[in-house]
Structure formats: structure tokens, C-alpha cells
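Shown next as C-alpha cells: one chain only, the form predicted on its own.
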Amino acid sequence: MNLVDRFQIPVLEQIAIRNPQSTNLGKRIIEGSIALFDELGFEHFTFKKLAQVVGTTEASVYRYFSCKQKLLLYLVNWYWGRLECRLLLETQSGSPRERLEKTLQILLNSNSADLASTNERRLQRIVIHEAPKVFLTKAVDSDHQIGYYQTYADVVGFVANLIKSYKPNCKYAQMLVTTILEGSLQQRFFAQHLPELTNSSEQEDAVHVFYVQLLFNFLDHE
């Protein structure tokens, strides 16, 4: 178990009816949902199929989550919460530029050695393929008021503060962060499925190189 796994990642209680991390069945539901979302995608994922994978009843799954949208939201929040813990732990020292460079390494490296488990790699693929679905809904404004996206906002705010420590007069820190986060996920998707839309390369991690250059070129010439 690594240091991040020792932290309990807080997830808004309105997302889950019952905390899945509090029971063995709940943990199995999370593990099974990660595998099934990764295999089937959001559109073909159902609680009936999840119950079969986990070895429980569909009704038992509904005791933890009211719908698959909430379960996906839980997984996405869990992903960003784990990432925030890593950022907090691994960017405590160094110059402002060194801390930013380490932050970009954590945020952008899809093949990081820290993704040691199958579930971590699957969860990252889910975020790449499915995370926009938690935002692109008619209920986004009310969901935002409830706080469903706060974990993601916390990551954005943390990185924006690092940018301001490097460039105090930066006026567009949040826009830079969301451009990097959303853009890098989209470029990972393109590299896997629509390579003619990106500049993927076997010789380098083009996504990492591009966004590091984008950030520091902007900050150093603003």
C-alpha cells in the first residue's frame, strides 16, 4: 500500500447512498464497477451487469448508488481526490518552477510508474473516456451548487496557486489549469482512437511535452 492509499479520500455523501468503502460488498462494487465501466463504457454499463460481476443482487447495488451516473461521478471524484493527495504530498519542496514541473509530471504522465495496479490504470482510462459525461448534463448547475465537482475544483485551485507562486501576476491561472487538464485528457483519447487529430509519437510522450511547453512558454512570455 502506498502513502496515498493510506488516506481516506472524502467523497460528498450525496453522491453515494452508503459509503462503499465502509463494507466489503461496497468495495467489491467499486472494484467491479471500475472493471465494467472500462470494459463496456457508460452507455452499456448497467447495475444488473455489475451485480453479476460482483456476485450480488441488483437491489444491493442500489443500496449504495441511486443510478450509474452517481457511480461514475463517485469514481471520477475518487480519481481527482487521489490525484490531489499526491500533489499535496509530492510538491511540498523545491522552487516554484520545480514544484510546477513535478505537478505536470503527476497530472500528465499516463504511463506513470505510480499507476501500479490494474485498477489504477483502468480508472485513468475511465476518466479519459467517460469523465465529460459527469459535466455535460442538464443538471450541471444544480449539481454544481450541491458540490458534486468540488474535488475537481480543489485540484484546479491547488495547481492555480502553484502557477501564481511562479508567476504572481498571472491573470488566467484557472484557465491554464483547466486547459491543461481537459486538453491532455482529450489528447490521450485522440491518441488512442483518432490519431490523425493529434501528434502522438512512440519516441516521446507528446502530450506531456506539449503541455509543459505550453504552460511555461505562456508564463515566461506573459
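This is a predicted model, so every value here is computed, not measured. Sequential numbering from 1, following the sequence displayed.
Form predicted in complex with another copy of the chain: not shown, discussed below.
Asker: Out of 87-95, 140-148, 101-109, 73-81, where are the residues with a heavy atom within 4.5 Å of another copy of the chain in the predicted bound form?
Answerer: Residues of 140-148 come within 4.5 Å of the partner.
Asker: So, residue 153 and another copy of the chain: in the predicted bound form, are they within 4.5 Å at any heavy atom pair?
Answerer: Looking in the predicted bound form, residue contacts with another copy of the chain include residue 153, since a heavy atom lies within 4.5 Å.
Asker: Quick check on residue 178: any heavy atom within 4.5 Å of another copy of the chain in the predicted bound form?
Answerer: Heavy-atom contact with another copy of the chain at 4.5 Å: present for residue 178.
Asker: Residue 121 versus another copy of the chain, in the predicted bound form: is there a non-hydrogen atom within 4.5 Å?
Answerer: No, residue 121 stays farther than 4.5 Å from another copy of the chain in the predicted bound form.
Asker: With a cut-off of 4.5 Å between heavy atoms, is residue 213 one of the residues that contacts another copy of the chain in the predicted bound form?
Answerer: So residue 213 counts as contacting another copy of the chain.
Asker: Looking at another copy of the chain in the predicted bound form, which residues in 205-222 have at least one heavy atom within 4.5 Å of it?
Answerer: Contacting residues: 206, 207, 209, 210, 211, 213, 214, 217, 218, 221, 222.
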